[in-house]
Structures are given as C-alpha cells and as structure tokens.
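One chain follows as structure tokens, the form predicted on its own.
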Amino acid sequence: MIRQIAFLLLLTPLLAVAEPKSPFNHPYAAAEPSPSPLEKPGCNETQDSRVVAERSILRVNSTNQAYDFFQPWLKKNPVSRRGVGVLVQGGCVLVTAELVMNSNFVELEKATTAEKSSATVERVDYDCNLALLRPNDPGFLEGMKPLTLEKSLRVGNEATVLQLEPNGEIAETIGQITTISVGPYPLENIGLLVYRLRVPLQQRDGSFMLPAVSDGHLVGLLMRFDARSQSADLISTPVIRHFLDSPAKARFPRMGLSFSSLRDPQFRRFIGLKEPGGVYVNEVSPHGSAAEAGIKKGDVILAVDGKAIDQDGNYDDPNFGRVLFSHLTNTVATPGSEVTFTIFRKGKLIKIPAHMSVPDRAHVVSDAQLADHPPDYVVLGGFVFLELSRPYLQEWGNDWVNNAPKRLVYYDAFQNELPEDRGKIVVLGRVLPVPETLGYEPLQNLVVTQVNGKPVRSLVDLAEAAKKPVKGFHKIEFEEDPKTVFLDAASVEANQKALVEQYSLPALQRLKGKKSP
C-alpha cells in the first residue's frame, strides 16, 4: 500500500522515485469506502439531460496514424476512432487526447442533424489526457450551448453518461460516484484526481470516450471502462478546469518526490515524531520542484498550504473528501505558483515554500509518449538505432510489460534509479540485411554503450561518433552479447545510396525531427 501511494505522487515515469511492487500496476488509493451497489442502474430520459445532450455534445470522428517504431521512417495503417465531445466556453469542443492522438483528420458531427465539419486540434495535453477541437466552419456551432463544469462532487452522487446511437438518438445511463481519489492518467502516468463511476454501459458508438453530466453541468470525461466491474474512470472537473484555464503551453506541475506512510509507531518513535500525522519522504528527484525548494530525503511532510496531512498522505478536501495531497501540488497549483510545506526535520518544524514547475524533459531517459511527431532514428550500414521510449516497448502489444525485452522494460520502469548523467538509452532495434551486416541479422534490442570509442548517451552522440571510424571500421559496443561488432566504414559509405533505395528510406537519419541532408 505504501509503495502504491508513493507512485501516485510522482512526476513522469522518469522523474518518479517510488518503488511500487509492480511498476505497471497502478491501483487507486480509495478516498472513501465504496457505497452499496446501485439499486436501479440503467437508462433515464429526463428532459434536462436530453436538452443538454442535443445542445452541447457532438460526435467526433478521427482518423489516426501512428509511426511504426520497428521501422521508424514509416507510419502504420490508419485507424478510425469515434467518441463524443462536449462544447465548452470559447467555441471549442473538449475531448480526450487519446481520441485525436496522431490524427490525420478530425471531424465533428451534430447528434440530431448529422451535419458535419472538419476540425483542427487547437490544443492538446497528454499529461491530463485532454484536447480542444475547433471546427473549421466558423458557423458550425451556431445555436449550440457550452456546458459549464460541476463545482463539487462527493462519493454517492449520481452522474449521467451520454452516448449516441448510430441513428443519432441520445442514450443516457445513470451511474454513481464510488471513489474520488488521485490516480494515474493513462498517457503519462501522472497522478491526478479521478472520479470512479459505477455505471452499466453498453458500447454504442465504438468508443467509451464519453461525457458524464449532472444537473446540466459537465462532471467529467470517461477515459477508461471496465466491463467486468461496470466501472468507469472519469477525468475530473478540477483537472478539466486546470487545462481550460491554463495558458496553451502550461502543463501540470509536479513535486518530484515519493513518500511512504508513517503508520508504523516504531518508525515514528525512531525519527522522534510526536505529531499525529505526516508522511516520510523516501526520494527526491534532483530536477523537481521539491529539490529546488530544499526538501530532502528523510523529511516528514506534515501539512501543505496549511492543510494537515494524515499518516497516508491524505488531507480533508472541502469538495471531495479525503484525497492525496498531490492533488494540491499537481492540479490546484499552477506552474510558477508557490506551495508551502510544513516539514518535520531532525526534531524541528520548519516551513518551506516550493515554487511549482513542470518536469524538464531534457532529463527524461525514456519518454512515456511521443505522440504527434515522428521518432528519431539513425541507420548505419543496415543497423537501425533509436532511443528507448514507452511507445517502442508498446510495439510488443497490450502485454508489453511481459513480452518486451526485460532489460528495456526495466530501464523504462526504473529510469529514476539510473545515474544522473546516463542520458538517453540508445537501442539497436533491428538489422536490415545488406552485405555489411552479413551474419549480424539476428541482433536486435541491444543497448549501445560506445561507437568508435565514444560514449553514446543519445542518437546525436551516435551520429557524431559515426563520422570518425577507427582504422577504417565502425566499432559498436553493447551491454549484452555480442559485446562488440565491426562494420567496414568504406563499404558502409559506398553503399548508402543502395541501402536507401533498397528499403525506400526517406533518409538515413532523423534527429530532433529533422531529416539529414
């Protein structure tokens, strides 16, 4: 339980320092006991909800095409996704980021008239899984009414999920809020407030990316649904409000620390803590807001902005009940704002102001997502190199945690434990059969350490090292067997054009989104 709570506070997988039992199982820390099951689940056709649906929701059709990380110069076959968006203030339609990730074309469709307009993704934030769409037809939304956000919810409140039938009819299904807690969002695993809704949904429009409303207000957007337990996870209104109110490039700040519960009375006695609450700081990321503020490993957090923290890290929120204090730092706070921590350190109580900031992506070893832009790569004599990322591991399917190479899965999961100067992990993804690679074809998913005697901490390092062969050869060293391989530099240079033509490569390298000349 301690490790589970610690994970939910963390930055990205790179900046996190928690030690969960499994880095890929992120259970929720329940804020309240679950109420009894719904007595009368099902459809409810109140006039208010129907009017809201007809005036404020639209079907969203998206054509998406992601890059193939096994062949990073190519895109996969396009796929179609469908969901339901909500009109919000400013003339934009709010949807989940997953719906339009890697989109080539987005279309809005009115529920009742089937009138359509193409749309542009005006803004997207994969931290909170939200995006804003603007119709390309300026008059398309005329006569529609934006939804306002529900200000507060408690466990036990009801919410109505809105779906669209193929014929445009609106289906309404009532659910009940069973849990309000900080939980991982699917694309970046950042811990943000989640509403869990028990609701007996049936898939109607090919998607569970749907809005939920209450008394004419938006409660949240569905981002996950478990058919077995009939429960849905909603992007909560505080997260939506943070997204809508923040500047276009502002993201969700994070502290950059992990903590454990202080329920053990012996541990409390050992550190000399007599206060009733508090959590113990296990690790502090060297590049996060906590480190910059001076919070240290071994500190005990007793309060955040004057709100007392219990032994599990929860505080009493006036709107949502008891939730993890990371809600205050990750969602209530904004980049650049100040949050004051009350800390117990070596027998003394001190107050530490922390200026909240977003994670510095320059220190990310393995990116959690690389949406909407092509991955970098280098092809050297038929060897295809790229940098380790979560999308690369996800090429092994839904069960990539078990199916992907274990060494790479470990690096992705525990990248925070790597040396601070480790840099990116460059991987030999595959070998294209050409004369220079004869006998090397089986090599794949090997971690590169050096090329031509130069340490490799990024693809840029590898590309620069490849310009200076050693005694007429490219010497490539790996962590695993075979430790070292050689490529004839003159042959590699002479056959570049043939390699490009044989495999229809647009270029032999793409670095930072730029193709080589």
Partner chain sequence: MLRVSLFLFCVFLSLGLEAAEVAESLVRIEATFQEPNYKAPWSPGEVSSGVGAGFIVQGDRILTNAHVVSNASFLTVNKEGDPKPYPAKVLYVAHDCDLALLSVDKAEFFNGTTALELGDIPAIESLVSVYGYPIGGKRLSVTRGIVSRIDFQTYSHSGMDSHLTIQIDAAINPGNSGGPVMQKGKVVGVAFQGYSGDVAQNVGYMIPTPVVKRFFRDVEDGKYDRYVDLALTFDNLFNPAARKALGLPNDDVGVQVGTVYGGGPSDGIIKSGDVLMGIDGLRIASDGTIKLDGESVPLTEVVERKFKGESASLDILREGSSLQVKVPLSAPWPFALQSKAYDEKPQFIVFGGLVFQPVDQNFMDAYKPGNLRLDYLFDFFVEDGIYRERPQLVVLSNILADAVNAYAKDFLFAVVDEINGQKIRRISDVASAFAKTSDYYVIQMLGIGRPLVLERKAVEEARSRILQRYGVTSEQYIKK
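For clarity, every value in this text was computed on a predicted model and none was experimentally measured. Numbering follows the first chain given and starts at 1.
What comes next is about the form predicted together with its partner chain, which does not appear here.
Although the partner is absent here, Glu283 is a contact residue: one of its heavy atoms lies within 4.5 angstroms of its partner chain in the predicted complex. Shown alone here, Tyr377 lies farther than 4.5 Å from its partner chain in the predicted complex, counting heavy atoms only.
Interface membership of Leu487, defined by any non-hydrogen atom within 4.5 Å of its partner chain in the predicted complex, is confirmed.
Of the heavy atoms in Asn102, none are within 4.5 Å of its partner chain in the predicted complex. With the partner left out here, its partner chain still marks one of 120-128, 72-80, 433-441, 235-243 in the predicted complex; by a 4.5 Å heavy atom cut-off that stretch is 433-441.
For the residues Pro419, Gly347, Pro353, Pro265, the 4.5 Å heavy atom test against its partner chain in the predicted complex is passed only by Pro265. This chain appears without its partner; in the predicted complex, the one residue of Ser261, Asn157, Thr331, Ser231 with a heavy atom within 4.5 Å of its partner chain is Ser261.
Contacts with its partner chain in the predicted complex, taken as any heavy atom within 4.5 Å, map within 404-421 to Lys406, Arg407, Val409, Tyr410, Ala413, Phe414, Glu417.
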